[in-house]
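Heads up, the chain below is alone and in the form predicted alone; it's given as structure tokens.
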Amino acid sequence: MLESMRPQIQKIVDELLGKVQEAGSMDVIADLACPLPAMVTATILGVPTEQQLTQWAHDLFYVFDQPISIKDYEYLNKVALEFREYFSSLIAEREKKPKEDLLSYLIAAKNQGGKLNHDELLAICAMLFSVGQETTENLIGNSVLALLHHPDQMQKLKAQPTIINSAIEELLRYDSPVQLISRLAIEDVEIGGETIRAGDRVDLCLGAANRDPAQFPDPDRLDLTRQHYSLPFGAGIHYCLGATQARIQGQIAINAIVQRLCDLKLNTNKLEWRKNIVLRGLAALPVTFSCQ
């Protein structure tokens, strides 16, 4: 379904870039990376594109960013209830008038033999918005910054747009939007002289794994044609459900920036990163450019 949406995603990217193209400057985060995933997820689900959904998506993800205070939990609970009420209303409408969209398909699954219950349906909607928003936003922002710092690789992509698939994998490795994941050990294991017991929680640093010199020769070098396997979206039964969505949006958005905007330059001397433990992403990425 997502592969078939490439033309729609391309259209959204073109429209967002079209709004800033004449100005010769933009904030990659605010003008493209932030609105894009919310608009795509809304299109997939078949719901209205609203600014409130983007804000809810940002807020809800912070439940993963431990530790957080009781006050923060109270705020997140308020956001979750608002999201629940909004989507409960949409689900009620779509049950009466189904459409050819993911929300209608999920409702059909709920109504056919109890494959999904109401709470599970709401949870899927919340997950698609919150997880898909942050990871994709950071993927685009971190990738554009990496290319700005490596103009030879940006020029390579501009000359060879067909390498975008391997380019995205390398950009995900080089500056992963998700830096930390947690797992529970299912059996005793010894790593580096330390014993991890069954049932222990282990925090895994993806950013470090993706710069492991034993896995990646010259790991601090950005090489868009590198052939490798990295761990930007986890693996196994916990593999990220939104991985395909993030990759496709990243491929289309980054290629559009590189191909459409000439003389792309960073327009600040001080970058501001979001205060987040699990994720790594920019608060803003101002750039200047000329257009073809």
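None of the values given here were measured: they were computed from a predicted structure. Heads up: residue numbers just count along the shown sequence, starting at 1.
One more form of this protein should be noted, the form predicted in complex with protoporphyrin IX containing FE, which is absent from this view; the next part is about it.
For protoporphyrin IX containing FE in the predicted bound form, the listed stretch (49 to 57, 233 to 241, 24 to 32, 257 to 265) containing residues with heavy atoms inside 4.5 Å is 233 to 241. Think of it this way: in the predicted bound form, protoporphyrin IX containing FE has a heavy atom of just one of 131, 144, 125, 171 within 4.5 Å, and the residue is 131.
Contact check for residue 221: no non-hydrogen atom falls within 4.5 Å of protoporphyrin IX containing FE in the predicted bound form. Among heavy atoms of residue 78, none comes within 4.5 Å of protoporphyrin IX containing FE in the predicted bound form.
A residue is said to contact a partner when one of its heavy atoms sits within 4.5 Å of a partner heavy atom; residue 139 meets this definition for protoporphyrin IX containing FE in the predicted bound form. By the criterion of a heavy atom within 4.5 Å, residue 103 is excluded from the residues contacting protoporphyrin IX containing FE in the predicted bound form.
Contacts between stretch 244 to 258 and protoporphyrin IX containing FE, counted in the predicted bound form as any heavy atom lying within 4.5 Å, involve 245, 246, listed in sequence order.
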